[in-house]
Structures are given as structure tokens and as C-alpha cells.
Ligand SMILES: Cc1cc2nc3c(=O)[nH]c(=O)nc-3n(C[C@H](O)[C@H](O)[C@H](O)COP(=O)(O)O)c2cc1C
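Encoded as C-alpha cells, the following chain is the form predicted alone, with no partner shown.
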């Protein structure tokens, strides 16, 4: 069996939602590396809809704790990453495609047409919100896998007060909270969880 595939498979199957963490102060270099890897996720039009809020200090974690309904992993983990989705990701299009235009990889006609398509799509607020969630979630999953590969454990959290998070941490209106992810060294292993079998989740092969 391909050794690369085997390594990736092991990371994917060993990842679980860890709720209790040992004390570990994550160096900035390690956190930056994980977030850089998370940022390499794919996204629609390569607009890179994800933004991160890293909550690492004890003071910030204590502010987050009631927002996360007092879930203890918020304070025990090394860092909590708030995954945010950009509802105005179209504003990045000129930066993303401008470099390709300057380097001659795109013609002016294709550049103009692409920018027009993107801006047109983002006139639909529901589309913009849906895209923020779906694309930021790709980065979130990549972050958890990168963390596991580096020897950390994680827990994705949807149970938190999104409005309170926005207010407490002064998050600009354009960003929507998608989830919280705790990262750290596990003090207790993740609780085993079952999975629906393939016959259940694969509706049909056409």
C-alpha cells in the first residue's frame, strides 16, 4: 500500500473530539504553521473565505468560556481557533486574480469577466453566507487534520453564542462565526464514536 496514503489514513481515522487537555503552551511558530497549512485548503474562485481568531491567553479564554456555555475544553486547551467565514469574499478577487493578470497568466478579458461573475454572485446575500460557511469549513477540517498529524488533538465546537462572540471580540460585520476549534495535548482520549456504514451514506452510484 502507498505509504503516503497509509499515513493520511491513519491521521484521519485517529482524529477524534478531545474534551480534556493537558497544560501545554503552544509556541507561536507551531500555531502559525498549523494555520498556514489550514489556509492551503481549496475554496470557490480561490477567494479563501476563512479568517481565524486565535484565542490563547488565559484572559481571552475566560472571556470566551461563558460564550461557549462553560465547556471546559475552552480553558484547558492550548488555543481556541474561531473559524470565521467572509461574506464579502468577492473583495479579495482583485487581489487573487490581479497577480495572475500582471504575470500574463490571464488576459484582461478573462480577468474582467471573472471579476464580473464573482461580484454578480455576491449580490445574492444568501449565496455569500452559504459560501462563507462551506468554504471556511474546508479550512477548519484541514486545520484539525494538520493538528493531528503534528501530535495535537482537537474538538470542533458548534455550541456557542455566535452573537456574543461577535460582540465580545469585536468581530467585523462581514465575518460570520462558523465554529470553534480547540487544539492541545490530550489529557483523556476522545470518546469512541460509531459511523454509519457506506450503504447508508452512499445514496446511489450512477
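Numbering follows the first chain given and starts at 1. From a predicted model like this one, the values you see are computed outputs, not experimental measurements.
We do not show the form predicted in complex with this ligand, though everything after this point is about it.
In terms of contact with this ligand in the model of the complex, the residue from 158, 42, 27, 172 that brings a heavy atom within 4.5 Å is 158.
Out of the listed residues 193, 197, 188, 23, 193 is the one that sits within 4.5 Å of this ligand in the model of the complex by at least one heavy atom.
Checking 42-50, 150-158, 56-64, 29-37 against this ligand in the model of the complex, the stretch whose residues place heavy atoms within 4.5 Å of it is 150-158. Contact between residue 73 and this ligand in the model of the complex is found at the 4.5 Å heavy atom cutoff. Under a 4.5 angstroms non-hydrogen atom cutoff, this ligand in the model of the complex lacks residue 9 among its neighbouring residues. Contacts with this ligand in the model of the complex, taken as any heavy atom within 4.5 Å, map within 8-25 to 15, 16, 17, 19.
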